[in-house]
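The data below hold one chain only, encoded as structure tokens and taken in the form predicted on its own.
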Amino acid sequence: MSTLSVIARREIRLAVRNRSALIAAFIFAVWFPVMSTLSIAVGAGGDTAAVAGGIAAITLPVGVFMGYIFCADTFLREKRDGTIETLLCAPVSLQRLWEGKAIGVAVPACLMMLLSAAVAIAAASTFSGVSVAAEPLLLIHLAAVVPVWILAAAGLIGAAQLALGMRENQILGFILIFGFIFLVGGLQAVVPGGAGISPAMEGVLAAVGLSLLALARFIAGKVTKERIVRTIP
């Protein structure tokens, strides 16, 4: 078993055991899509593409926010209790440690996002009578585009949480998560395609998500173990 999979599996197990994070994620995953789908169903007027576009629009911020919820337990927890020092002494590079933790955050976040999407699709079918479960672009969006954004968000927030002190992280965490959400909204506003889901929108979102993931990996590569130790409270 590779070092990367060992780290990722460890973080997934810890995320599953964290009841407070799971409850918060579950409530948000169910409540937000139901409330949002009500307005989507009214505005779509039975248009399948419009309903699919609305669901795609809400699942991306939900996925990013799920990454933020699980990041706090994965990266900050070990700085608060001091166990990060033990991990830094392990025979594994800091880059590989960051990669494993980011994947360990992304997996439960993706599962919660899929739950949220399933709730939104069911609510849309109930309220509007339109079924979008087999819409190809929506399936691509949920299976490929959103996971890339979740991994990018987890990677960026995680790298920041490793490099910065506790006080700075309290501020930067909110800035990053709302920055991601505003970026998603801005892209959806400027890319042509109307209210429905479109190949152009999915292509732009995929390209931006991959760029953010590359940026996260670059930033994580600049973080040093000495820097992390200096920020432990």
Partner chain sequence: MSAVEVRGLSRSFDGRDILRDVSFTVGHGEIFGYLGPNGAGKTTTIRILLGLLAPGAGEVRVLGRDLAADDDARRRVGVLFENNGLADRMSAADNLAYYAGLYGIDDPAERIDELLVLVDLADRRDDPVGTFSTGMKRKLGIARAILHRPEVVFLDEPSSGLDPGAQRMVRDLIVELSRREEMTVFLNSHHLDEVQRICSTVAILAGGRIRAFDTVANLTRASGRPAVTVALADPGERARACETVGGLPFVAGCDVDGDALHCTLAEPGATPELIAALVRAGFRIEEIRRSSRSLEEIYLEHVSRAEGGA
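Please read all numbers here as calculations on a predicted model, not as lab measurements. Residue numbers count along the first chain shown, from 1.
This protein has a second form, the form predicted together with its partner chain, left out of what is shown; the following refers to that one.
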Open item on the list: Counting any heavy atom within 4.5 Å as contact, can you tell me which stretch out of 86-94, 135-143, 151-159, 119-127 lines its partner chain in the predicted complex?
Closed with: 86-94
Open item on the list: At 4.5 Å between heavy atoms, is Leu22 in contact with its partner chain in the predicted complex?
Closed with: no
- [ ] Classify Glu99 as contacting or not contacting its partner chain in the predicted complex by the rule of any non-hydrogen atom within 4.5 angstroms, answering yes or no.
- [x] no
TODO: Tell me, yes or no, whether Lys225 is in contact with its partner chain in the predicted complex, where a contact means a heavy atom of each within 4.5 Å.
DONE: yes
TODO: Answer for Ile219 alone: is it within 4.5 Å of its partner chain in the predicted complex, judged on heavy atom distances?
DONE: no
Open item on the list: Need the contact residues for 205-223: heavy atom within 4.5 Å of its partner chain in the predicted complex, sequence order, or none if there are none.
Closed with: none
